[in-house]
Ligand code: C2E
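Presented below, as structure tokens, is a lone chain in the form predicted on its own.
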């Protein structure tokens, strides 16, 4: 068990020991819920006692660690009788307590229902979307050889089609999911659906390429990623080599992850390809590339946007390509939108590109239709793959 998981387990055990006659559950991530099943009139005193009890240091690996504790609370029946209402108001209290700063606590009050209500409602809607399963969907963006256009892979991208508000940007709901402990569940949903889609494509006329999925920090720190992957592969009868895993470099350098080398090595030995996403934008360290078993780096779009005019970006791209070649790593450039950018990457010897120049992210029916149309058009062509599209298409 990783150090972070051990610490959370110790925290949960201590919390349970304090809640005599009640119930304790982990909501996800570092969020826990306590239910007191008897009637008390000492709410504020009990909260103060809980904070005092949980603020004592935890001893782990010869280290003494103190954890911050942010508390949101509510009471029944004063704050609601329905469990769904109570849970939403509990979240409201916790979210607003977090806004007050570390180690704050806040009891629910009606005025909180009017604060940040759109975000809190969105969290509730996202929970419902995970339960129903029919609002979330995967779109796929294809990856290509920049010179020939040959299809090399696809990246699965999570999308949320809200029944009232339409498509909601991942930039809006992913941070909320991370903050409210939903990322592991979302990540598991993506693994499951990507594996199911691969099975369908393996038995159809679609090209047989690797589908890449993004692995979140919380899946690594608090989730059971390896078991989820193994279970999904078995259920859908596909090989690990048909699924690629993308991890951001900031995750690999996060101390909560511990030593990622053995875990990644085990995944690689099972057949998974490993890529470092957003390369060059985080706390970049070339040292970890020497020790981590990765196959590919994805060069962030920030270095592609001003090519070929920016001398600085051109130098960075060429240096990354040269370094990767020396280390036996493939490089895929993200955010390629123009012919000039693509031609520069061809001349620089880039292995693969991804971006609007070749294709926008598409839902499965549109992607399959585009493949069928292009296959028909290219039936007599020597260059396989999908043709480039304009940025406005």
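Numbering follows the first chain given and starts at 1. Note that the coordinates shown come from a computational prediction; the quantities given were computed from them, not determined experimentally.
The same protein also has a form predicted together with the ligand, omitted here; what follows describes it.
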Only one of 364 to 372, 350 to 358, 50 to 58, 66 to 74 has residues with a heavy atom within 4.5 Å of the ligand in the predicted bound form, and that stretch is 350 to 358
Look up in the predicted bound form whether residue 157 has a non-hydrogen atom within 4.5 angstroms of the ligand, and give yes or no. yes
Is there a heavy atom of residue 249 lying 4.5 Å or less from a heavy atom of the ligand in the predicted bound form?
no
Within 4.5 Å, heavy atoms only: does residue 278 come near the ligand in the predicted bound form? yes
Exercise. Spell out, yes or no, whether the shortest heavy atom distance between residue 176 and the ligand in the predicted bound form is within 4.5 Å.
Key: no
Only hit among 169, 203, 227, 132 for heavy atom within 4.5 Å of the ligand in the predicted bound form is 169
Note: exactly one of 109, 291, 301, 235 sits with a heavy atom within 4.5 Å of the ligand in the predicted bound form, namely 301
Candidate site 141, 215 and 337: all three near the ligand in the predicted bound form by heavy atom within 4.5 Å: yes
Near the ligand in the predicted bound form, with a heavy atom at 4.5 Å or closer, the residues from 95 to 109 are none
